[in-house]
Every structure is written in structure tokens, then in C-alpha cells.
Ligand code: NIG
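As C-alpha cells, one chain now follows by itself in the form predicted on its own.
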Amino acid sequence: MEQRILIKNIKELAFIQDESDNRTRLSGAEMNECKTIENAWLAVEGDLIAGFGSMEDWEGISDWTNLKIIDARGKIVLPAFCDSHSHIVYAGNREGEWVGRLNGMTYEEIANNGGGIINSALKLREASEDELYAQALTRAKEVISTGTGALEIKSGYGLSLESELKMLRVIKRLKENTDLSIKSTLLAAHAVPPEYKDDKLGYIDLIINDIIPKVATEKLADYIDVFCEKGYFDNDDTRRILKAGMEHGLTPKFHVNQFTISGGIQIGIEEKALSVDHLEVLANEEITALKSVSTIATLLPSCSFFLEIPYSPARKMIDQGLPVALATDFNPGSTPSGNMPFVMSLACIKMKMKPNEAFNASYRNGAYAMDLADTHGSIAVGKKANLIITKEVPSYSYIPYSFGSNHIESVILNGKVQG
């Protein structure tokens, strides 16, 4: 018999989605919504939320057997975070590049001197699958401890058929051996590898003719991604690679407008990309173009923090009615952190988002950006029991306010209390 969990005496149960609310994401003013119940209970059966309500209403729960009871007196229960953009499978770190940048080198200079993505690719090619898995598992446990329950993970540090497959197989092992809800993305078009330095079109042909078909045959990825940026892959490259992925059943979502405005966002809209990610620089007409389309903007403020580049104009985007998601971009070069509470702090302080907006961007809109809107991102009967129980805090807004501490006492994923 599956164990059942009853969380009782909850100080506040927050970010509830009513049965009548069939919105898959929240846009504009909707992002400031939060329905709560004070002095609440929540029941879990198997891996799903079975019910919740006020402590004054216990019907149907008190007669349960095989029941684990958690007393959450003074604590808040929230959905687990949905981090829809990460690169946690990598070898080693790039601390030396960070020191170099502090000593005056630019991101472009580091890349031109063999650093950046190519540095990570060369390290990854030398690492065994088991070594990569062990390092990535440590990072996965780290993000769980700070409240993440769903995670998108990209390849892109292999830049060859063998190494891209190695990365994606590691992601598959993480999916099988953790309680995280994981989505996998093929990002072979992350940079041009050294052996194709003077033959970018040759590398694109390798991606289209060899890597994508092999990944699709082994069912190793959900999404196809491209680093659409000056010096990497241009708009024509991006469209070609996305279309090739789509022909093999991979949904497009891609990096764009991190450093320059290229027009790539329009490609995402036209190709019905699930998300366009980064958007640190954004033209007014691009904000207009993103209105009322299926593609969602995913913003990565901790990347702006680490690289000291502009922050996405989230306030303007939300005020003009857009939905936005927040994610960590956890990677060795530009965001060596998977801490979603810190991402929310930056979103509030640097991008002028309201706390409820930051939470909803990390919950329902993050779930949408991973095609998990029906199962994750809110407190609702029948959704996955991916939950956070806080320590004794004055309110849920205290989490992004007090950014230097971990205010999460325990995490439940797929109905299992994480150790």
C-alpha cells in the first residue's frame, strides 16, 4: 500500500489553483495573484495531492491508515519550484575564468582565448559518464535542498555526437534515480567546436544529419535548443536547426537576446517555440510581438548578476501583459548556482517584480515553460505532490527577502520526503 502523508496545522497553504481555474500560465496582472488558506491541512496519496482545506474541515482524512503525519505548525507549505533552464551536467568548473574576468578580461576575450563553452566542452569530453553523473547528482541534490522539484537540463558541453549523447544519457540517469521531474534538452548548437572552427556549416550539418536523428532514436531529449547570438549561431542557423529538431519530434526552446538584439525572438514565435530564454536586451517591438502567443519568455537574472550584464525588463514586460518565467541557468560559466530563492530575490530587487509575480514565474509559468502546466506549479488536487515546507518564517515573501539563508525545512517530491 502506498504511504499517505497528512500535513496538518499549516500556518499558510499558498499558491492554490482552484478547480475552475484552467489557465496554463499567468500573464500580466494575473501574475500578482495568490490564493491561500490559513491554518490548513494537505493530504498526499501516492505521488499526488489528494486534498487540502482548513483545519476546521477534516472529512475523509481522519480514517486513513498507513499515514505519515507532519505537523507544520508555524510553517508555510508551497509548491516546489519549476526551474525551466539549467545546464547542471558539466565537468569541473570555470573558477579561473571568473578570476580572469575580475582582473579585467571580457566574456568575449575569455572565449577567444579558449575559455567559455569550449573550455567546458574539452573538460567534458575527457570525463567518463560515471564521473559526469556523480557530479551532476551532487548538483541535483543541491537544487532539491533549496526547493526545486522540476528541472530542465540541457546538453551542449559535448559538441560532438559521442559527447552530446553522453550528456543526455547522464540526464536520463538523473531522471531515473532522483525524484526530480526532469525534462531534457539537446543543445548541440551551443558553440562551434574547435575541430569545426572554420567550418560552422559543417558542424550544423553534423547536428542535423547525425546528432538529432541519433538523439531522437534513443529518445534522449524533449526539446531542441540553439544559442542564437552573435559569434555563435545566427538566425538562419537557428531556424534550420530548430526545424530539423521539430522533424524528429523535438519541441523548440532556445537562447536569444543575451547580448544583442538579432530578431531571433520572431523566429521563436513563428516556429511556436515553447520558450525564448535570456532576453537581457529586448526591443519594445519584441515585447509587443510576444503578446498573446504561445511562446513564453524565460528570464535568468542570476546570469545578469554573475556576468554584470543588463537585467531583462521584467517590469515592462509584465505591465504590458506578458507572462514571464524565471529560471536559474545553473552552469559553470555564467551562473554557477541553482538557487531559485536567490533568483526570485534578484527578480524583485533588480527587475522590480513583486514577490507574488516572482513566485508565480517560478511556479506556474516555470511549469508551462517545461510543458508541465497540468501537473506542476500550484497546489491543486491531482497535481504532483511536489511541495516545500518552510521553516518558521513570518510569510512566504520572507524567502526572497532574506536571501542569505535557506528557509526551507523539508521538500516532498513525487510524494516522498527528501532526505
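Keep in mind the model is a prediction, meaning the values are calculated, not measured. One rule holds for the numbers: they count along the sequence shown, beginning at 1.
Here the subject shifts to the form predicted in complex with the named molecule, a form of this protein not shown in this document.
Heavy atoms of every residue among Ile117, Gln258 and Ser334 are located within 4.5 Å of the named molecule in the predicted bound form. A heavy atom within 4.5 Å of the named molecule in the predicted bound form is found for exactly one of Lys183, Arg94, Lys75, Arg139: Arg94.
A heavy atom within 4.5 Å of the named molecule in the predicted bound form is found for exactly one of Tyr223, Phe227, Tyr311, Tyr133: Phe227. Stretch 86-94 is the answer when you ask which of 240-248, 197-205, 86-94, 263-271 has residues with heavy atoms within 4.5 Å of the named molecule in the predicted bound form.
When the named molecule is considered in the predicted bound form, Phe254 lies well away from it, no heavy atom lying within 4.5 Å.
Although the partner is absent here, Met340 is not a contact residue: none of its heavy atoms lies within 4.5 angstroms of the named molecule in the predicted bound form. Although the partner is absent here, Met167 lies well away from the named molecule in the predicted bound form, with no heavy atom inside 4.5 Å. Using a 4.5 angstroms threshold between heavy atoms, Phe233 stays clear of the named molecule in the predicted bound form. For the stretch 289-314, the set of residues having any non-hydrogen atom within 4.5 angstroms of the named molecule in the predicted bound form comprises only Cys303.
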